[in-house]
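Next up: a single chain in structure tokens, the form predicted alone.
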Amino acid sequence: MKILGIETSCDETAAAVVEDGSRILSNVVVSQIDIFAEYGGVIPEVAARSHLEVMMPVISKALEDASSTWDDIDAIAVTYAPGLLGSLLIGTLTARTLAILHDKPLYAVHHLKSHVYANWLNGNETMLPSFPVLALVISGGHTQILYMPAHNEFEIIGTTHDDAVGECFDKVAKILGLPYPGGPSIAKAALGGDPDKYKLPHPKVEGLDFSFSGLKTAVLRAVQKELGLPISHPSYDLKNHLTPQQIADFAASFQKTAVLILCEKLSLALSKYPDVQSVVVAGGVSANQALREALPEAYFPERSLSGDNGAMVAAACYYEIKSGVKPVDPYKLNIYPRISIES
């Protein structure tokens, strides 16, 4: 079964052809990071226009790289939620039109499902996660722990009360004067820093839920204190007073704290769900090397599949089909900027 996966939930325009849910035949991603690095974040209207410019060339390249024609494609999968409204609209309108033109079944895939199923790509049967599974989904927009008793069954057992961990990385990077996106830039700066230099608090949140807003504020206050500046001093100016070593030490201390918080909650989840056979980590922050080293027994996607891509959409679609999910009507498919994976 060959599935064309289309992903446009945020600032990557992506398409891929995947065979039988695991074998990547092509995976084309056009990123808008260079556009938004100057602004320190994504501008939704600009993202949508950028998707519109490259959507069809990306799909054509995915088919070409897979040595496939439309006759070879068995289904089209597209991200319909959650994400930026304009970005989702471009992807779904394209997928709906192509499904009608080429008479292909269309499947609407939840973005977080796709990230989870990146862990099933390019793995042989003996190396795939075993159910029940705990999935730690961590990105710029989401921080959740999911319990999966079987394929395509998801229960949210922990979520963030405020910022996602990836969003916290971005905001701390901005305080330190590091470039967007914050995850890779903090990880790089942390290599030269002392992770024990600054003691940062672990937010006290009951159960398996998270909170990262307080950690971001704690970094801000620690930087102001280190520099001997009042709390009224604007955060955007702090980078002008920090030395390279101070930046490295704050990056390392923050990264260590964020990783420990994630690991602590995951450990608690495992104690509450003793039947779990495998742990998978998914989403953009899963690329972080410190986290990978802290969770040696967990499944991680290839780094090229940690961020948004079309292959993960196609993989998730394959397991939806295997689970009996029916295709959607291409004339009626809606998008949802915010919707639970349990919906």
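One rule holds for the numbers: they count along the sequence shown, beginning at 1. Quick caveat, the model's predicted, so the values are computed rather than measured.
There is also a form predicted in complex with a small molecule; it is not shown, and the following applies to it.
Of the candidate stretches 65-73, 282-290, 24-32, 49-57, only 282-290 has residues whose heavy atoms lie within 4.5 Å of the small molecule in the model of the complex. Site annotation in the model of the complex: the residue of G193, G158, G166, G91 reaching within 4.5 Å of the small molecule with a heavy atom is G166. For the options P129, P184, G177, G214, the residue carrying a heavy atom within 4.5 angstroms of the small molecule in the model of the complex is P184.
Under a 4.5 angstroms non-hydrogen atom cutoff, the small molecule in the model of the complex lacks Q144 among its neighbouring residues. Taking the partner from elsewhere, H110 is found to have every heavy atom lying beyond 4.5 Å of the small molecule in the model of the complex. D249 falls outside the set of residues with a heavy atom inside 4.5 Å of the small molecule in the model of the complex.
Among residues of the shown chain, S253 is not one whose heavy atoms approach the small molecule to within 4.5 Å in the model of the complex.
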